[in-house]
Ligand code: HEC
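Here we start with a single chain on its own, the form predicted on its own, put down as structure tokens.
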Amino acid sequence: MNKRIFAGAALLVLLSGQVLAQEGAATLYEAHVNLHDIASVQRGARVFFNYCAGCHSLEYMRYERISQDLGLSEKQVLDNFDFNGAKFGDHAISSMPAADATKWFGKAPPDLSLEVRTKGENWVYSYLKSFYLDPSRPVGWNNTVFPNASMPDPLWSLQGVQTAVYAAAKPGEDAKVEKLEINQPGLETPEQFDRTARDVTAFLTYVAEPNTYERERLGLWVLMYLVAFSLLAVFLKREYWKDIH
């Protein structure tokens, strides 16, 4: 029985390693997301809704909740994030019909509410930075973090157009991408685009767990209560035991 359990565990580890190797073949950049930098999260929200929300939804988020958590007014949210005529209390749903998306891209773009929870913030950050031109792909783009992705680069006008430099291939093997180079500059410098990709990642990190800010506020009150209760307990102990030696 123990041998079977050990063999099963070994097989699980092996399969997990193979999946990680396939999904994480490319080196990931460190995102260094800071959710306490509200300005960064706000900028990320602006970029997301201007460049990504045409295809991708955030079906678990309401515009009202974004307004509340990020310190934005109803007018600011509706003017800058809502391009579908939605109401303030509605969920952030893409206007692209699923049938059209499937026809154009082969499948409907996924909802991104839990993308950071699923893949991690470093993966999302690296993915945004790793698109490159690939004429062999149906949409003309590819990605080193998620090879053969079925979507074009949404931020190419900001980052610029990247092309791949391939390493020398061994006989019988396909050439692998060694590095990416900016072939056509975008509206932002590489340093500025790094910040933009980090801002979008920060926003999606917040979306994946919107209770973060509320939990931290409540956590402070809980700690204060525990300190007060502990002091009261100490004083009560001294009072009850002062006559016992």
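Quick note: we count residues from 1 along the sequence shown, nothing fancier. Since the model is a prediction, treat every value here as computed from it, not as a measurement.
Another form, the form predicted in complex with the ligand, is not on view; read the next lines as being about it.
Contact between residue 105 and the ligand in the model of the complex is found at the 4.5 Å heavy atom cutoff. With a 4.5 Å cutoff on heavy atoms, residue 204 counts as touching the ligand in the model of the complex. Residue 81 falls outside the set of residues with a heavy atom inside 4.5 Å of the ligand in the model of the complex.
Taking non-hydrogen atoms only, residue 132 never approaches the ligand to within 4.5 angstroms in the model of the complex. Note on contacts: among 55, 70, 35, 26, the single residue with a heavy atom within 4.5 Å of the ligand in the model of the complex is 55.
Only one of 107-115, 72-80, 161-169, 85-93 lies within 4.5 Å of the ligand in the model of the complex by heavy atoms, and it is 107-115. Remark: all three candidate residues (146, 149 and 200) come within 4.5 Å of the ligand in the model of the complex, counting heavy atoms only.
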